[in-house]
Every structure is written in structure tokens, then in C-alpha cells.
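This document starts with one chain, in the form predicted alone, laid out as C-alpha cells.
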């Protein structure tokens, strides 16, 4: 982010516009619309800045524009000289006015025309009725705070009002009826318990998160997240949502599972909307089943939101078909975690099935995995692949046989999340061409 976005309160304050031409006139209009007292000058005198909260220069002599910029910067007054970024302390964005809602779009001066095109698209998506909806919310702001002192419940009620019947009535031009719906909702609102959402965050790429997960991230009061959840995904959450890290690494747990279960129960009983955000899918080696059992036993409401699990994301990005009509009629998900140093896996039926094996967290146990599979008849030449940080822009792949993965995998690995794929279908992968 090149510039820090901010909205200035200019009502009743002085704003200097330097210049006589049409551009200066256009710049003066939104200042006046924001409640500023606009001073128009054709030439610059430093005294013109006395008491000013903001200054804009356009259509004025070059020497005056430089003098305006220098004087305003010296006084700490925000200044913008049109099309002269080197003389500016701020830039003016393209704006969408849906009073009291204002949306600003900026390209940081790199492509102002593109910013205006984006503004046009947003204007088409946000009709003027959104301004009336915001005005309705402002009208009942004090009453909502008085009736619902709990922040989490107040937010949930507002979300319902701004997306439900009241909003529909506003968009239909029936604000009086909408106001009655708000009043009735506030009369009937009672304290409610919280709820936990076990959400799959996918492999780490923000654009592989489901729409439902994205909506919940924007609504959550608190987000309890794992180590494998990418920063890009967390960045889509509400800015003021509390974030609690409960990540696990091999032999290094921030919280043991029982403590995480208790945390989720406690947060929900506080009346909060909790997103338990997990990498991949919560029910595929994500211990979501254990957490669901704990929540059900405690009488806490919960919902499971699936995510793109690592095997699907890794294989897709590597061009590997997990199933193939001529190579694999099945795919089996396995965990490579050991129990007391031993890989507890029944190898015989895995080899006999003859499908694709997707082994999660299997780098450390690769030697045991190879030994068990080969001992039960797997062809040593069977294609295999080790994929690290799969489904993200940092995905890496080590292709070959199990022997190669065992010999080279530990040194090749950078300790990122890894998946092992084994089977005939792995050898039928298609290498994508990055060009369209």
C-alpha cells in the first residue's frame, strides 16, 4: 500500500483552491460538498493558508504552484497540486458518493484512468439506495447501542438488518416500512449464544477460499487459526476481529487439542461468532471431527464449512490427475504421522488397491513408507512426487521414484507443508504452459 487512505472532516473549515481555470473549479466543488468554506485565489500569498485545513493547486502560474506546495508542507497542511505528484503530500482518489457512504479508489498516481474505470464499475454495483440504507442505520444507531450493549450481538443484528427485509424495503423506496421492521427487530432482540464455524481455509492461496468462508471471515468476532493458514487468507478477515493463534508443528504444539476444544467452547459461551480457521479442509486430517464432538457435547452450535484440501490443490497445480481411467480408479488419503516412532499403516491393501496414495505430512516417515509399500509388492518404479507448499505461488515439486524421494527429499525440503503422491496416475501428469 503506497498511500495511507484517510477521510478528512472539513465541515466549517477553510480550504484553499489556487487557480482560475476549469480544473480548479472542479476541485472546489467536492470540497464545498464536504462542508468546507472554499477560498479561491488566482495567485499565491502565504497568508492565504492561514487557518486552512487543506490546499489544492491547479490552473495557476508555475512559480505560485511551487510556492503553495512548499508553504503548505512547511506548515503541515495537506496539499495537492494537480498532476504534479512531486509537489503533493496527498493524492485525490476517484470517488463514489453514496452519502453517507463514500468509496475512494486510488492507483497511487500510477494509472489515474484505470482508477476512474474501476470507479465506474463500482458505481454500477453500488446503487444510490446504499446511501439510504446507511442513513437508516445511522437513524437507529443510538437505539441499537442502547438495546444491544453486547458488541457481538449488535453486529449480528445489524448484519441481519442490512441484508434482510429492512434492506429490501429501502431498495424498494419504502423507508418508512423499513424503519418499522428495524423497530420490531430491536423490540424482539434477545441475548443469544455464540456459534463456532469450523472453516477450511484451503491450501493457502486466497483465491481458493470458498465464498462461504470469505463471508464468515468478514463477520467473525474472533478467528482461531492454525499455522498452515496463509497470511493472504487472514488478510481477508475483519480488521477488528480478535485473532488467536493455536498452530501446531511436529512435537511443538502451541495448545494441545483439548485446550483448543475448551477455548472454542468458552468463546462461544461468551456469545461470540467464532471462526475456527484451518488449512485445507477441517475434516481431512484437520482434527475438525474432534472439535465438532467437543462442541456437540458442550451444547454449542456449530457449522462445518469445507475447504480445498491439500491433495486436490497440490495435484491440480502440478497437473497430476488423482484418478485416471487408465491408471487409477481410486485415491486414498493417508497421514504420514508416526505413533511412537512407527508408521501405523496397513500396507497390503493399499498396494492391492492400486490407486493413487496421497500422504499428508509424510516427509519424516518417507523411509518407513517406502519400505512398507515395497515390502508388500509395490513396483519400485512406481511414479512418486513430493510437493511442498502446494496450492500456493510457492509450490515446489520433486518428481521421481520413492527411492529418489527418500534419498533427496530431506535435503530438498525447506520444512514447509508437504504432501507425497504415489501411483501410476502421478506419471501421467500434464506440465502446464503458463502462457494463455
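The shown structure was predicted, so the numbers you read here are calculated from the model rather than taken from an experiment. Residue numbers count along the first chain shown, from 1.
A second form of this protein, the form predicted in complex with S-adenosyl-L-homocysteine, is not displayed here; the remarks below concern that form.
(Q) Test of understanding: in the predicted complex, would residue 223 fall inside 4.5 Å of S-adenosyl-L-homocysteine by heavy atoms? (A) Result no; residue 223 lies far from S-adenosyl-L-homocysteine in the predicted complex.
Q) Is residue 361 close enough to S-adenosyl-L-homocysteine in the predicted complex to count, meaning some heavy atom within 4.5 Å? A) Yes, residue 361 is a contact residue.
(Q) At 4.5 Å between heavy atoms, is residue 153 in contact with S-adenosyl-L-homocysteine in the predicted complex? (A) Close contact is absent here: in the predicted complex, residue 153 is far from S-adenosyl-L-homocysteine, nothing within 4.5 Å, heavy atoms only.
Q. Taking heavy atoms and a 4.5 Å cut-off, does residue 228 contact S-adenosyl-L-homocysteine in the predicted complex?
A. Flag for residue 228 set to yes.
Q: Work out which of 309, 261, 80, 365 lies within 4.5 Å of S-adenosyl-L-homocysteine in the predicted complex, going by heavy atoms.
A: It is 309 that has a heavy atom within 4.5 Å of the partner.
Q: Work out which of the listed stretches, 37-45, 398-406, 65-73, 385-393, brings a heavy atom within 4.5 angstroms of S-adenosyl-L-homocysteine in the predicted complex.
A: The contacting stretch is 385-393.
Q. Is any part of 266-297 within 4.5 angstroms of S-adenosyl-L-homocysteine in the predicted complex by a non-hydrogen atom, and which residues would that be?
A. Going through 266-297 in order - heavy atoms within 4.5 Å of S-adenosyl-L-homocysteine in the predicted complex - the hits are 279, 280, 281, 284, 285, 286.
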